[in-house]
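For reference, the chain that follows is the form predicted alone, supplied as structure tokens.
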């Protein structure tokens, strides 16, 4: 991230390997978006006398991470090294930038250098963009062809007839891939353009920080002067009134200047709950493109494309067909399954066979055989407790509604592979800490409430069957 200069010494001698593993565990539990928004901003200094030392760019980031993730980070570090007794997050020296998980902190060149322009042309920030996510690496099928064509048009044309472009679909179907692809293509074709890519979560927290540190002018300059603004997972700002107000004015300012806006969400504008009507109306102004779940042909095409770029490792066609049939949840999990097989074959030195594939992926195959989704869990729990689905997803806290909601969150964590932030977003845009509390609450109650325990068992059987 950023421009690197002279590195700060890492105090233990693992060259940041433990930090990389901690980051990997964090992403697995809390999701990629939480990692990009928070942990990716930290620098790693290593272990000093039993204390892991990290640095944060601002007091706001430091306090948020300590309050919301501190205990779990301690658990992760202690699991890596039993010598770890405490965790310290201090403010980074002015001008320092965070390190990638495999490298120590580095320093920015001397003050006055135009680091943003030098690092990324006209971009506001490229650190959140994945270089693998390009149009060339995106496999097109019937389920995503409209979204792909619209994204290509925006990236290649200065005059697009639809604004905004609103992409929606489930987790891992390619929304973020297309946004990154747009950004990279615009950079290649028109490097002078300013492109702002941000998750809705990060938009919100940057806005909160701007208010707290009385720097709203810089915040508005960053987003309202962009030639292209892309906001990922807009459903996250549901019920966040002040953030929605700022988003509304930012959106209008850019549209009025004929600057392009691209938005993604997990559902269509009309199905977004907790979002103001005036925002929903504007989100539907341009083109709304749905990315449907992948079919077998598209999944096989994705796997074949990836298998062609893995070097000398031979992946039998029957293995690719097997994965395309059995891993049906989303593209991200599908590619992850192939990566696991490739890694095992490379590290162990065994050829890829059907027997080896089944053995390596037995947990994923079992999970996909169940085909349990959060939507299905929500509907089943609502029916079981005689509630309307809208009631369970609402902000009401009456016990007759709150307890079934906690049960559904608990089951979503147990029966799906979704991260806590993803589950929270599916329950009316709630925070991951709310989901964590619900999971622990139900686990504790089941020990003393036999009826609740029977309910959980019965619901699990209903969903599994």
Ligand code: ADP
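Quick caveat: nothing in here was measured; it's all calculated off a predicted structure. Positions refer to the first chain, counted from 1.
The following text describes the form predicted in complex with the ligand, which does not appear among the structures shown.
Just one listed stretch, out of 169 to 177, 354 to 362, 208 to 216, 82 to 90, contacts the ligand in the predicted bound form at the 4.5 Å heavy atom level, and that stretch is 169 to 177.
In the predicted bound form, residue 300 stays away from the ligand, with no heavy atom inside 4.5 Å. Taking the partner from elsewhere, residue 137 is found to have a heavy atom lying within 4.5 Å of the ligand in the predicted bound form. Of the heavy atoms in residue 144, some are within 4.5 Å of the ligand in the predicted bound form.
Proximity of residue 335 to the ligand in the predicted bound form falls within the 4.5 Å heavy atom cutoff. For a residue to qualify, one of its non-hydrogen atoms must sit within 4.5 Å of the ligand in the predicted bound form; none of 193, 223 and 261 qualifies. In terms of contact with the ligand in the predicted bound form, the residue from 240, 282, 326, 306 that brings a heavy atom within 4.5 Å is 306. For the options 385, 344, 322, 133, the residue carrying a heavy atom within 4.5 angstroms of the ligand in the predicted bound form is 133.
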